[in-house]
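Encoded as structure tokens, the following chain is the form predicted on its own, with no partner shown.
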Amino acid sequence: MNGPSLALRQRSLGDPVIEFPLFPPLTRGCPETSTGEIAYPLDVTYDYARVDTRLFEQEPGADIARWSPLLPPLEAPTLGEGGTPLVEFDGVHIKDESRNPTWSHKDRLNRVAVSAAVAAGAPGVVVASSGNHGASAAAYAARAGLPAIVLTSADSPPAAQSFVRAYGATVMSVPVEKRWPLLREVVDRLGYHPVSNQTVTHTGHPFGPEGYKTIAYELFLQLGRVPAAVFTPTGYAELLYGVWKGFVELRLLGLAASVPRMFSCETAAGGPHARALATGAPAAIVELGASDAYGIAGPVGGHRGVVAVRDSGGEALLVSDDELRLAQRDLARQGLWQELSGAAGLAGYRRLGQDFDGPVVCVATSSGFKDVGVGAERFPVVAEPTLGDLAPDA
């Protein structure tokens, strides 16, 4: 059932009639529809008529190659990504992506994106990231035998920087505004394959969101049906779009009759997708305020998130750091320690305060180890401990 890839071409989201060969991946957006103000991403099309729907009779589990007909060619070895648990909590289902090999959802994207680098014969990969994405890209590059360059910012968490360096990547801390020009220079002069955005509004890697589709496939099997709604932490919206597309494919294949409403959950300090949807723009750039949710706090949005929310009948939600901290604390008290950004799905669901006719899924994206300040705390030592010191924390 899980045979070779049935991927056919790249398709412009600026104009779906416009298509390009599958290779090379167009990592700077659609060259025909993008402008100096708006860049349009590319999508991947498949020969759906040849998909054996018995593919969805298998149990969800590790290694997204189990869905290989519906993914671009997987040339990079697996680290056991995917197959993450679905945990019930407070009336919703938490899809805990912190159980992936590098403790975040980014492993699904990087299995696909690093595979593209291998297939293209690139000498290495380059990524601009302050956290999960850089660590994941470095890990999958190491597994594939490719060098990796990670451009990070000086204020990224020390634990995250140590995490990236452990995989043998070349890590350089640079001012935020210089990360992307340097990334483009690495691509142009060294020939490294980029797994980060290079355009004015976000387009990213055209293959990346395909890895996130596998979350939808797993949810369909784990729930035994399509959920009524899915809430995802949203930075560039690749996760949001990928999950939505996976459900669209299930409907296209005749396995599902509906697609869930998709909700983007962004930090109130920014919210470019909320701005784009409110104004009817294909994508937006906003002024970014202060937030500790660095994983989703960004001024630049992309067209993918607009498409997923708009076409699913969903909504863009803005959550404060206080709402994120409360959701993070409540998840941790249930044994699910998420970084602040990773709790945005639950925080968004609570902010909406709406009942749904069917199961609701909140995607939780990454381990609490990735947060700012983790590892810097110093806790007191009790020199003369007694049983009274062990009273449960109120």
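Here the structure is a predicted model, which means the values were calculated and not measured. Under this definition, the rigid core comprises the largest set of C-alpha atoms superposing within 1.5 Å between the forms. From 1 onward, residues are counted along the sequence shown.
Not pictured, yet referred to below: the form predicted together with another copy of the chain.
Using a 4.5 angstroms threshold between heavy atoms, residue 54 stays clear of another copy of the chain in the model of the complex.
Heavy atoms of residue 354 never reach within 4.5 Å of another copy of the chain in the model of the complex, leaving it off the interface. Another copy of the chain is not shown here, and in the model of the complex it never comes within 4.5 Å of any heavy atom of residue 130. When contacts are judged by a 4.5 Å heavy atom cut-off, residue 48 does not count as touching another copy of the chain in the model of the complex. For the residues 185, 311, 322, 287, the 4.5 Å heavy atom test against another copy of the chain in the model of the complex is passed only by 185. Of the residues given (281, 255, 79, 223), 79 alone sits with a heavy atom within 4.5 Å of another copy of the chain in the model of the complex. Stretch-level contact check against another copy of the chain in the model of the complex with heavy atoms at 4.5 Å: of 67-75, 163-171, 209-217, 233-241, the positive one is 163-171.
Counting a residue when any of its non-hydrogen atoms is within 4.5 Å of another copy of the chain in the model of the complex, the hits in 317-343 run 332, 333, 334, 335, 336, 337. Shown in the overlay between this form and the one not shown, fitted on the rigid core, is a CA shift at residue 385 of 2 Å or greater.
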